[in-house]
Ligand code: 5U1
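First comes one chain, alone, set out as C-alpha cells in the form predicted alone.
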C-alpha cells in the first residue's frame, strides 16, 4: 500500500468522523466531542487536502458549512450563504491571515478591523419587510436552513416590528444575522427546574439554546430564557451601509441587541490586545463565548477579498483555549477534609484544558456521582472554568464497554482505617476519628491560612511537614514550637525560623472572629465567625451558649447552632481551648468587632453568593461592614440584598426570589457605597 493510498484512507476516515460529529452537533444538538476536538479533526483534514488537492471531493466537509436541516421544518434557501469562519488558535495564525489579505489587497492598504465576541449559540437569519419580521431561519448547511419564524418570535430580544427612529422609517427590506443564546444565569435556573421535575439537564447553554429554537411546539421555545445578539447586516434596501462597524451601529439604532465592548481597531495589534482582554473576562460574561471574531471593517474591501467555498477571507475566528475536554476516568479516589468529610475526586488520563494539564477533577459527593451515573473507567466530559477546580460534567455512556465499575463510598477512612458515618440529613460521609492524620494536616493548614489566624509563610507544604515530623499534634501546638526543633527541618535556617516564630507570635493578637474561623467548627466560616464575635464578647461566652441562644441570632441557622454546641461539648475541643488560653492567644473581641460602623450601608444586611469578579468574599465583607452594613450567611426576610457573583448557590438565589430580596452585582454594590 503506497503513501498516497494511506493518505486517502486517512482523509476518508476524517470525513466520516467529521460528518458524524457534525450531525450530532448541528442536527441532534447532542455532541459527543468538544468544539476543540472537532476543530482539530477539521484542521487535520484541511491540511491533508491542501497537500493533496487531487483528493478533494465536492462532498468533503471542508467544502460545506454544516449539516442538513431537520426534515420537520420548512426549508429556507438563504439569499447569500450563511458561511462559517476559518479558525485561528494562536497569534501567529492570526498574523498569517492578515498577511494573506494584504497580499490580495496590496501591502500598503489601510485596514481597520471590528472585533466581536464569538457567541457560542445558534446562528440565525432574521428577515424584515417594511419593518415587520417575516422570516427567521437557522444556518442549516449554510445554503439551506430551517424556518423557525414562530419560535424566534417568542424571543423578547428580537423585534417583531422595527420602530421608526426619528424621521428614519424602517427599511423596506432588511436581513440581519445573529446568534441566539441562553444567558448563563438563566441556564443554571432552567437546569435546576428540569432536575426538580426529573428531567435530564442540558449539557451547556449552547445545546439549550439550539434545542429550544428547534422545537416544533413554539410554546416550549417561549418557556425558555433565550436572547439574541446581532452581528451583521446581510442585506438592506434604501440605506447605505459601507462598513461592519456602521452596520452594527445601524442595527443597534433599530432596536437590535449587540454584544457589549465590540470595538473598531486601526491595526491588528490593537485587535489582539482586545482578544487578550476578552480572554481575561470570559468567565465573568453572562454568556458563553469561545473566541473573538476579527473582521475587515470595510465592505468594499470585504467584497474584493471574497470567500472560499465555506468561509469568507475577510474574517477569522480567534478561538479561546478549550474549557471542556474528553478523557478517561481511571479511578475515583477519596480525600479527607479538615472536618472529616470524605470528598470523592476523579483521577484522569491527563487532558489539556485552557493551557493547563488536568489530572484530577472534583466529583462533589456520592449522591452527585450516582445522579450523573459516573463510573470508574468511563470516558467523561471534563470542564474547567477560570481558576476553579476542574469538574466531571457527565459520562459518555454510549462509549461504555461493560468494564466500567459503579462507585460505592468506602465504609472505613482511607487514611486512618476507622469507620465512617453519614448523618441522616446530610449527603456527606465523615471520618469521626479526631486523631485522623489527614484531618490534622488540613486543620493545621486552615488555622494558619490568611482567612483565619494568618500566620505568614505557613502553607500546605509546611503543614504536611510539621505534622509528619510530630511538631504539631493540634493547632495549639503552634504556640509551643521551639527554635531548635524547627532548625532540624530541611530548608530552615535561623533567619527563616525567627520569621516564622514572629508570625506565630503576632497571630496571638488576631481578632476573636479569626480564632473562631481557625478552630474549624463545621458551618463556621469567616462570615459566621464575625457574626458570633458581634454577639459574644469572648470565647467563654460562646462556649456557654445554648442552641436556643444561638438560633435567635439573625443569619444563624439551627444546623450551625447545633454544630457549635456539639463542638464545644467535646472534651478534646475544650482542652484545645485551654491550651490556647495558656499560650495567651486572644479570646476576647476587639472594639471594632462589636458594632457596625456608620456609612452608606447603615442598617442594610447582605448575603454573598458566588465568585465576585474582582473581590474575595472577605474583601466584600470588609467593604460592607466598613460602610455600616452587615453580612450574614443565609437569606431571610431581614436580608436587604443578595450580592451575587458567578456560579451562585441555587438555594440562596431561590430563597431570595421567594422572599422578594433584590440581587446586586459587585458593581452595583460599589454604586451603593458611593451613594448611587
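All of these numbers come straight from a predicted model, not from anything done at the bench. Residue numbers count along the first chain shown, from 1.
Separately, the form predicted together with this ligand exists; it is not shown, and the next lines address it.
Contact segment among 442-450, 409-417, 328-336, 111-119, judged by heavy atoms lying within 4.5 Å of this ligand in the model of the complex: Looking at the partner contacts, the answer comes out as 111-119.
How about residue 83: is it within 4.5 Å of this ligand in the model of the complex, going by heavy atoms? Yes, residue 83 sits close enough to this ligand in the model of the complex that at least one of its heavy atoms falls within 4.5 Å.
May I ask you to state whether residue 131 is within 4.5 Å of this ligand in the model of the complex, using heavy atom distances? No, residue 131 is distant from the partner.
Is residue 429 close enough to this ligand in the model of the complex to count, meaning some heavy atom within 4.5 Å? Output for residue 429 is no: heavy atoms all beyond 4.5 Å of this ligand.
Residue contact check: residue 314 to this ligand in the model of the complex, 4.5 Å heavy atom: Residue 314: contacts this ligand in the model of the complex.
Between 88, 503, 293, 243, only one gets a heavy atom within 4.5 angstroms of this ligand in the model of the complex; which residue is that? By the 4.5 Å criterion, the partner-contacting residue is 293.
Name the residue from 606, 231, 287, 466 that puts a heavy atom within 4.5 Å of this ligand in the model of the complex. After the contact test, the surviving option is 231.
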